[in-house]
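What follows is a single chain, given as structure tokens, in the form predicted on its own.
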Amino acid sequence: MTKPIEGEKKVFMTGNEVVAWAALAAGAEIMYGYPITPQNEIMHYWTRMAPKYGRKFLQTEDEISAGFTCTGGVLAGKRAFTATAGPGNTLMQEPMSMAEMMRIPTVLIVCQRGGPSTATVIYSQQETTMTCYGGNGEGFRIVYSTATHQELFDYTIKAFNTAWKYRFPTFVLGDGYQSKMRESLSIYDPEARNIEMVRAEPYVVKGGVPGENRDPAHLRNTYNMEEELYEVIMDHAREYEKIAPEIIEYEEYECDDADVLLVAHGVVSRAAKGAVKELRQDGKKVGHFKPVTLRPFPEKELLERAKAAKQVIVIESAYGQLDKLVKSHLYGCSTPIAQYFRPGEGITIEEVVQETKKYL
């Protein structure tokens, strides 16, 4: 069968279209989903294209079901994924908590919208905390925060490999602006860039006889004894901390001599980077640190830059969700931390420049 993408090509499309193409390129076999704005078009594009390449789709009765059927598909050995936003993300935290506890490699694309509840269907970064630490559990998950359509494509593909390699739920955090706006990017067949996709394997209905020619599978999500639960969680914690250095990603822009360090993630980092360019032209020593992985967080790298600066400014389209992450990881650092919060609103380069000048 023809590949969805042959080689590499330049395109101009919306973020939701990007996700659908990336999932096809990554070899995703089935999407489970339920409609919610601004995620809907991921489902629409997927259902339009998937049959051409032998892929499948199941629309479920709600987001809880979409999350659980996705984990079921993974248990059966399918490279499955789902996508949602806002209240749907809230509902999916129950199946994602199960996936975290059972080490099921689910992939979930989140198109953030304004909260709480159904507040707006436009844009925000108000699902950061929920995506990183939602549900009951300890937040043993991997969260990529994307700023551009190119990153949305790259990290959607990467999410499938990360999930299956490390066996932790993996999230790609986007937003309503990315979902709806069009932007140019390069889409590609992973093979063209020497990216080898990790093979999906079934957790259940495996061949052979358990205990004879293969190890038995112990797929548990309930524990009657506190000591049992403690041991399992501590095993997960040790493994998560061990693999974290391999997963952590971040970007730095003009940080080497920065007196003022702007910290932002996702689409807001575009405004932060643009502000740094403008302020540098005026001779101002400003830099930008962008965490790409919010879980696990690039703590050591940010701490090193924060210590060298005279001022840190956290910029986000939420009321302190990134700020809490930053402060928890910069505990003990004496550099003052200021905030620029615009919950549910877009942030422009001009606004960041004006805010930064207060500290120069």
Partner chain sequence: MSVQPQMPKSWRSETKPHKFCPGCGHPLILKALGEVIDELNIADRTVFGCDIGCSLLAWDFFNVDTIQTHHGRTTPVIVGLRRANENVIGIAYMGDGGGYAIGSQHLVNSAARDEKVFVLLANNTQYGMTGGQMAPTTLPGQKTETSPYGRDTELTGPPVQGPEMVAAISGENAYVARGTVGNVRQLKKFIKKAIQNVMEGRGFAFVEALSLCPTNWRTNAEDTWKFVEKDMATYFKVGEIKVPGEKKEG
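Just so you know, these numbers come straight off a predicted model, no measurement behind them. Positions refer to the first chain, counted from 1.
There is another form of this protein, the form predicted together with its partner chain, and it is not shown here; the text below is about that form.
Counting only heavy atoms and a 4.5 Å cutoff, which of 154-162, 243-251, 256-264, 206-214 contacts its partner chain in the model of the complex? So the stretch in question is 206-214.
Any chance K78 has a heavy atom within 4.5 Å of its partner chain in the model of the complex? Looking in the model of the complex, residue contacts with its partner chain include K78, since a heavy atom lies within 4.5 Å.
So, in the model of the complex, is V198 in contact with its partner chain at a 4.5 angstroms heavy atom limit? Outside the cut-off, so no.
Should P190 be counted as a contact of its partner chain in the model of the complex, where contact means heavy atoms within 4.5 Å? So P190 does not count as contacting its partner chain.
Contact with its partner chain in the model of the complex for T84, defined as at least one heavy atom pair within 4.5 Å: yes or no? Outside the cut-off, so no.
Checking a candidate spot here: are R48, E94 and T222 all in contact with its partner chain in the model of the complex (at least one heavy atom each within 4.5 Å)? Every residue of the spot touches its partner chain in the model of the complex.
Taking its partner chain in the model of the complex as the reference, which of M43, A26, V314, L302 has a non-hydrogen atom within 4.5 Å? The residue from M43, A26, V314, L302 that makes the contact is M43.
What residues in 57-95 sit within 4.5 Å of its partner chain in the model of the complex, counting heavy atoms only? Those in contact are F57, L58, Q59, T60, E61, D62, E63, I64, S65, F68, T69, T71, G72, G73, L75, A76, K78, L91, E94.
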